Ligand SMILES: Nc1nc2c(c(=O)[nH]1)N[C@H]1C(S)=C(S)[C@@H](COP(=O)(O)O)O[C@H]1N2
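Shown next as structure tokens: one chain only, the form predicted on its own.
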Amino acid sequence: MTRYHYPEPKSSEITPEHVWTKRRQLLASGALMAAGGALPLASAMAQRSKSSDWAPLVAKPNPQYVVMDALTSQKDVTTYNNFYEFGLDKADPAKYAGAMKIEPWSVEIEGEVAKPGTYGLEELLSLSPMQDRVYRMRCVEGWSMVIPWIGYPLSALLNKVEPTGNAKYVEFVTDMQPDVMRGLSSSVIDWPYREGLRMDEAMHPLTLLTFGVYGTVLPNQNGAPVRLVVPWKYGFKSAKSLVKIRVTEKQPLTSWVAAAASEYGFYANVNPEVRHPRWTQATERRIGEGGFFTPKRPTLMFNGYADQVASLYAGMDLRKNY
């Protein structure tokens, strides 16, 4: 099996220890932790039945994956979402996702792997130590957030199932619950939602299999109980509520490529030099940063992660492979 090795983040990308420590102290002393001590991971997931009743999920902060930007507020992170299974309005997921059933839950792994199988949530939770990582996240619509995710590198799961020599891509398939996911009646895409990464992208240490946010298990509207987070790509790459991971030899047809290939490419790297057909990608609006008239900030190449991921695309035409 091919092993991928990547350099550690540059020192300029690492938050100074005193800043990082203060941030974690503030977070730990806030209302998120006021309800009591951390629950065991599986118990936290089981008890998180309503979006207003989040169970604490404590993980070891990883200072190598913390950015200097101020965190987006918990309120904005959990109420301003794209999760089209529950509707197209940004407020729809928080309004309707509470009815989604997340227990029991399992993720099926299949395709070009030596050890295919179905992994229950508890097994996934125990596979690797949890890390608290702060990532920049940018939506293709032109807005961005800075979010403290909790999870572990997707590579831990992929290594366990042992991709074969034919493994070149990883496809992600999300859940469908027609009785509560009102958005499934929409023809905006062909359900279920499908996304994909190249194998080296999936194995990159920044790619996170995610179970929590802001010190708690994931609320339903943020992709409970398990989702993908890929911080150098536009938000639609970070598939929510995963039920299947398929390792393939051929590039999978992803939902947005199938729906609108002229607007959404397979790679979906944050690139301010590639204009969306209907708007510029050169600037972005940071949610919670000032008012409507606050100047937008310049969009960073690869969302600010160029030092870590640009080498993945050496020699590629990033305008053609958008």
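So that there is no doubt, residue numbering starts at 1 and follows the sequence shown. Just so it is clear, the structure is predicted and the values come from calculations on it, not from any experiment.
Quick note: we don't show the form predicted together with the named molecule, though the next part is all about it.
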Checklist entry - Is Tyr152 a contact residue for the named molecule in the predicted bound form, using a 4.5 Å heavy atom cut-off? => result no
Checklist entry - Does at least one non-hydrogen atom of Arg133 fall within 4.5 angstroms of the named molecule in the predicted bound form? => result no
Checklist entry - Does at least one non-hydrogen atom of Cys139 fall within 4.5 angstroms of the named molecule in the predicted bound form? => result yes
Checklist entry - Taking heavy atoms and a 4.5 Å cut-off, does Gln221 contact the named molecule in the predicted bound form? => result yes
Checklist outcome for this item: Only hit among Tyr214, Tyr84, Tyr119, Tyr96 for heavy atom within 4.5 Å of the named molecule in the predicted bound form is Tyr84
Next on the checklist: I need to confirm a contact call. Of Pro163, Gly196, Gly235, Pro148, which residue comes within 4.5 Å of the named molecule in the predicted bound form, counting heavy atoms only?
Outcome noted: Gly235
Next on the checklist: If contact means a heavy atom within 4.5 Å, which one of 106-114, 119-127, 197-205, 74-82 is the stretch that engages the named molecule in the predicted bound form?
Outcome noted: 74-82
